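The form predicted alone is given below as one chain in structure tokens.
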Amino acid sequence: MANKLAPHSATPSPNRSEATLIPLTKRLEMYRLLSLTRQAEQRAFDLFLQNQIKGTSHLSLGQEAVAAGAAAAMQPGDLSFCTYRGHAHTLARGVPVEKVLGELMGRDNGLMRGKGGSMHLTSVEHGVMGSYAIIGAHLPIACGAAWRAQYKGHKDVSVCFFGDGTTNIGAFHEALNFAACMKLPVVFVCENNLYMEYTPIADVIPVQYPAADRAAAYGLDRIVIDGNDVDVVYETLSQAYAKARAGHGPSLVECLTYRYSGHSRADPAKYRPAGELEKWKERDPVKAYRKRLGALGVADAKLDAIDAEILKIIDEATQACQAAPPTSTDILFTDVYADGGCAWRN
């Protein structure tokens, strides 16, 4: 089946604007988040090639605008629920680079002292309520957190990120149904990068947009946006968060984007049509936003300074992680099984 979501046929949300009312300070904050997530993920890739990160991990190079725009629109106390592709979302909520890289490298200075690894990043302090390796498992959990806020009269919003493949999982439909019926303060964000693990999402769905085209079944608006445009992500999610905070229930937002690498480090992504990657790179979210800021009068030197500052942070974080000790066995071998130990019981 031909891919229904060609890179230049992505349908923007009908409420898209040129985002002229976004303050420059917020725009510069989003550029910083774009640069941070791009450079940190690239460093993670480089460290993997140097055999300093073991196992595998799932990068979101190319998808930075979703994490940056979503985080920039959040308020302190809002909660993020991520997938295994959660590095960018974790960094965008303010978790230090050293903590993330340390976790990926299995070092004691990592976010969970190296025990969780790439797919389980969690920082309650920063509102990052876990990265979930089980497809769709976090959608009902996000509903539970939102139900708690509703019950207690709190104003925080739960924001749940997931990939296009999750829309074929039962938990997706159960969570949407429950959230809509209970009018929960939760926002579901589908990062549609066209592919599940190795399968084009277009091959296994009967509709064009896997999330948005199913929204009507739960009484929700159909929202499809350009997930490579950080202004559009910021504006759309700002509206969705405000709706949730005001007690008017959930939203489902589908962001059209693209991952530059394969599903994981072990995937060369040879299943993609020739030229598809190159077409999407013409709409690179970091380069596009830099160009937009230039058109708004921001000097290249200012943006260069932001990039340089972030590179320095990443370099220092890398050095700290390389110098940190590996996770000790007393940490690795504790709380593996229900009895608190690591010995297998048959």
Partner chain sequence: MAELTYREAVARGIAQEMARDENVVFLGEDVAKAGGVFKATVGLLEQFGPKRVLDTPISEQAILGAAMGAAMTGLRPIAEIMFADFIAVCYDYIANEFPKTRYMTNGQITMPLVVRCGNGGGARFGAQHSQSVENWCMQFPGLKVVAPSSPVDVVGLLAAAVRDPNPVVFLEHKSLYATKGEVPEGEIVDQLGIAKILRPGRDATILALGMMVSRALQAAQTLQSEHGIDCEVIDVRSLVPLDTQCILGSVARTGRVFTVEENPRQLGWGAELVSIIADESFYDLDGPLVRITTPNIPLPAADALEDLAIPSVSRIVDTIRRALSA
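Positions refer to the first chain, counted from 1. Take the two forms, superpose them, and find the largest set of C-alpha atoms that agree within 1.5 Å; that set is the rigid core. Remember, predicted model here, so these are calculated numbers, not experimental data.
Keep in mind that the form predicted together with its partner chain is not shown, yet the notes after this line are about it.
**Q** If you check Gly219, Pro273, Pro140, Gly247 against its partner chain in the predicted bound form, which one has a heavy atom within 4.5 Å?
**A** When its partner chain is considered in the predicted bound form, the option within 4.5 Å is Pro140.
**Q** Could you work out which of Asn109, Ser238, Ser264, Ser123 is the residue within 4.5 angstroms of its partner chain in the predicted bound form, going by heavy atoms?
**A** Contact check passes for Ser123.
**Q** Hey, in the predicted bound form, is Leu24 touching its partner chain, heavy atoms inside 4.5 Å?
**A** No, Leu24 sits far enough from its partner chain in the predicted bound form that none of its heavy atoms falls within 4.5 Å.
**Q** With heavy atoms only and a cut-off of 4.5 Å, decide whether Gly144 touches its partner chain in the predicted bound form.
**A** Gly144: contacts its partner chain in the predicted bound form.
**Q** Within a 4.5 Å heavy atom cut-off, is Ser328 in contact with its partner chain in the predicted bound form?
**A** Result no; Ser328 lies far from its partner chain in the predicted bound form.
**Q** Should Glu197 be counted as a contact of its partner chain in the predicted bound form, where contact means heavy atoms within 4.5 Å?
**A** Result no; Glu197 lies far from its partner chain in the predicted bound form.
**Q** Hey, of 189-197, 249-257, 113-121, 222-230, which bit sits against its partner chain in the predicted bound form at 4.5 Å between non-hydrogen atoms?
**A** Among the listed stretches, the partner-contacting one is 113-121.
**Q** Counting only heavy atoms, which residues in 172-194 are within 4.5 Å of its partner chain in the predicted bound form?
**A** In sequence order, Glu174, Asn177, Phe178, Met182 come within 4.5 Å of the partner.
**Q** For Thr334, state whether the C-alpha moves by 2 Å or more between this form and the one not shown after rigid core superposition.
**A** Comparing the forms between this form and the one not shown, which are aligned on their rigid core, Thr334 does shift its C-alpha by 2 Å or more.
**Q** With a C-alpha distance change of 3 Å or more, do Ala266 and Val336 lie closer or farther in the predicted bound form?
**A** Relative to the displayed form, Ala266 and Val336 move farther apart in the predicted bound form - a change of at least 3 Å between their C-alphas.
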